[in-house]
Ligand code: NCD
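Single chain ahead, by itself, as structure tokens, in the form predicted alone.
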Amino acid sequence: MTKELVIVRPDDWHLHLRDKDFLPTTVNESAKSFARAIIMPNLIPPITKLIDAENYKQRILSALKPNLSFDPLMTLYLTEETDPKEVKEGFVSGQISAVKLYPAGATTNSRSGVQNFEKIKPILEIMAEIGCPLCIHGEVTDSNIDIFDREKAFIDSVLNKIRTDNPTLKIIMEHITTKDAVDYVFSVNKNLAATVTTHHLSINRNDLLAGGIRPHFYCLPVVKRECHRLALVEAVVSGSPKFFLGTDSAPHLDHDKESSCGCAGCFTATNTLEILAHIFEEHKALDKLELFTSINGAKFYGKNINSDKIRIIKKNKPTSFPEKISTPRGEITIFKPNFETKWQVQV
């Protein structure tokens, strides 16, 4: 029997589109399902100035097909030299919707990130004053800290101090991966939320490593134990307004993923909603899917809820997705979890 789910058109509160030759593919894959997205600024060079953000936005919109609608919400890449006045101007004018903090060396194209957190205090103070959200890649980069422990270490050694010094600053812990982060977000009364990705809800570190390394499951933050995946699932299916979708969909060419030092990132823009519908149905929480994908994030960011709807249909047989998408520079593998879904977005 066919099931139908009609929800407010979703948003993606953490998205990598890359640039130039990638954009005609990546922009339109996201626009099929999502009304808008927070666009990550970690290009080479990074988006550190308002003029860079505006030019990047125009390139994104120029790549959008005429029959699709998509609103890229731009961000600035936070560095120790970021001008607080430029952040204020950009946020008040609506040119940017948030500022992104990468600890230097934490992930793809993060070399320009923050090393000395004391140097960004004036910027965070201005952001707290004007209500500009801070998006955080929450991992320490100390090589002495095990990669599976870096999220908790960041909470203990960095995030607690940022929040203590700036209690009114709106913070989003992006792509959380652990029960520690879930518990921390639940423990804070206000001004703290978290995004959760499709892939971190779908796979654990056994999926990545057992029986052979699967490069298209490799991401940063790296996937953790099954107990952590289940904690993420329980958080999002609860309907709590503190958790919302940020896919962290990150396109890398196959030859870059399947190399001796493969890139981190999962490309999930194509089939995120179908995978999520399967997970929410599995946990008897389809009525909470709309909150996670379409409501909670907009409310935390202070944006209007989208007015249009999207239909997701459950069919009698597994949905077939393409294995790869093509760009002028090569192919990108679409993320495929170790389960099938019978749900499909009706375009």
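Bear in mind that the values here come from a model prediction, so they are computed numbers and not experimental data. Note that residue numbering begins at 1 and tracks the sequence as displayed.
Here the subject shifts to the form predicted together with the named molecule, a form of this protein not shown in this document.
Asker: Quick one: Thr195, Lys242 and Ala298 and the named molecule in the predicted bound form, is every residue within 4.5 Å by at least one heavy atom?
Answerer: No residue of the spot touches the named molecule in the predicted bound form.
Asker: For the chain shown here without its partner, which stretch in 257-265, 163-171, 150-158, 115-123 has non-hydrogen atoms within 4.5 angstroms of the named molecule in the predicted bound form?
Answerer: Contact criterion met by 257-265 only.
Asker: Would you kindly say which of Asn42, Thr48, Ser33, Asn306 lies with a heavy atom within 4.5 Å of the named molecule in the predicted bound form?
Answerer: Partner contact (heavy atom, 4.5 Å) among the options: Asn42.
Asker: Using a 4.5 Å heavy atom cut-off, which residue among Thr79, Asn204, Thr107, Thr178 comes into contact with the named molecule in the predicted bound form?
Answerer: When the named molecule is considered in the predicted bound form, the option within 4.5 Å is Thr107.
Asker: Indicate whether Arg229 is a 4.5 Å heavy atom neighbour of the named molecule in the predicted bound form.
Answerer: It does not: once the named molecule is placed as it appears in the predicted bound form, Arg229 has no heavy atom within 4.5 Å of it.
Asker: Can you tell me whether His216 touches the named molecule? I mean in the predicted bound form, with a 4.5 angstroms heavy atom cut-off.
Answerer: Although the named molecule is absent here, His216 would stay clear of it in the predicted bound form, with no heavy atoms inside 4.5 Å.
Asker: Contact with the named molecule in the predicted bound form for Val237, defined as at least one heavy atom pair within 4.5 Å: yes or no?
Answerer: Val237: no contact with the named molecule in the predicted bound form.
Asker: Report whether the minimum heavy atom distance between Ala250 and the named molecule in the predicted bound form is within 4.5 Å.
Answerer: Taking the distances in the predicted bound form, the answer for Ala250 is yes, it comes within 4.5 Å of the named molecule.
Asker: Check each residue of 10-49 against the named molecule in the predicted bound form and list those with a heavy atom within 4.5 Å, in sequence order.
Answerer: Going through 10-49 in order - heavy atoms within 4.5 Å of the named molecule in the predicted bound form - the hits are His14, His16, Arg18, Asn42.
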